[in-house]
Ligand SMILES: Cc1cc2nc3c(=O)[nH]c(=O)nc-3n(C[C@H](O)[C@H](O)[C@H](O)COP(=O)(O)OP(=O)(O)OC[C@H]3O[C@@H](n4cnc5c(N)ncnc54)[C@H](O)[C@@H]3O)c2cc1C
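Next comes just one chain, in C-alpha cells: the form predicted on its own.
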C-alpha cells in the first residue's frame, strides 16, 4: 500500500436521480461518459489526486433519442456513431459532417455527445456545429434539494474565456436540436484540433437565401483551445446581400473577420487568423458556386 493514497471509488448509478444523489454527496467526482478523452490523458498512479468516478453509462435515460415534427432530443450518453445511424435521414448536414470528422467508426462508437461537448479544455466539432443550429441544452443541478432543471442555449455551456461553464453538481441530461431548412450548410476543419489545438480552426455555416437574396447567415468558428467565436456583426453584414457576392464584398467581409479576431484574444495565433479568413472566403465563394449551379 502507498501511504496517503487510496484507489478511486467508481459509482455506477442506474437512474438520473441516483446519479444526481451521488454527485451531490461526492461533488468532486469525475463524470465519465465514453472515456475517449479521459483514457487518452496521461495520469500517473499512485496519485494523491485520484478522484472518484461517476460513470454515467448505466443511466438509461441518458441514452434516449426522441423526435417529433419540430426537433430531435438526444441524451448526452448517445454515441456519435449511434446518432449518425439513427439520424442519417434527419440530421442537418453540418451536424452529420461534424460527427463524421470526429474519427473512425471505432472511435465514434465509443465517444459520446456529452463527452465531446464537455471537454474541459477544448471546443471541438459538435459544439461548433450545434452552436449555429441554436441547440438547447437541459441541465440538472444536484445541489438543489429538488434537483432543479433548466434549459439554456448551448453557448451558455461555455464561459467568455472558452472554458466549460458547468459547475460541479450540474449534469447535462438532454439536447434539443430543432429541424430547420437551409439552402447552404458546410463544416470544415483546418489542422488537428485535438493534438494541435493552438493552430487548428473549426468552421461551420448555416445559411438561407430566397431568390438569391441571403435571408439568414450563421457561422461559428472554433479556436479549439481558446473559444468558439461567433460574430453577430458579420452575420448581419452578410444577411440581406444578394448572391453571387462580388470579390470586393468577400474581401471586405474577410477583412472584418480579421480585425475582430485580432482584437478578440491575444492567445489567437496569426496562423489561425489567416486560416479563419481563408476558410470564410472559400465558404462565400462556394455559396456563389451553388447559386450559379441552380
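In this text the structure is predicted, and so the values were computed from the model without any measurement. Numbering follows the first chain given and starts at 1.
One more form of this protein, predicted in complex with the named molecule, exists but is not displayed; see below.
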The named molecule: the contacting residue among 208, 101, 155, 218 in the model of the complex [heavy atom, 4.5 Å]: 101
The single option of 176, 97, 82, 119 touching the named molecule in the model of the complex, heavy atom within 4.5 Å: 119
Site test, 36, 166 and 170 vs the named molecule in the model of the complex, non-hydrogen atom cutoff 4.5 Å: yes
Proximity of residue 222 to the named molecule in the model of the complex, heavy atoms at 4.5 Å: no
Exercise: residue 31 in contact with the named molecule in the model of the complex, heavy atom 4.5 Å: yes
Residue 183 within 4.5 Å of the named molecule in the model of the complex, heavy atoms: no
Contact of residue 71 with the named molecule in the model of the complex (heavy atom, 4.5 Å): no
Residues within 4.5 Å of the named molecule in the model of the complex, restricted to 106 to 125 and counted by heavy atom: 107, 110, 111, 112, 114, 115, 116, 118, 119, 120, 124, 125
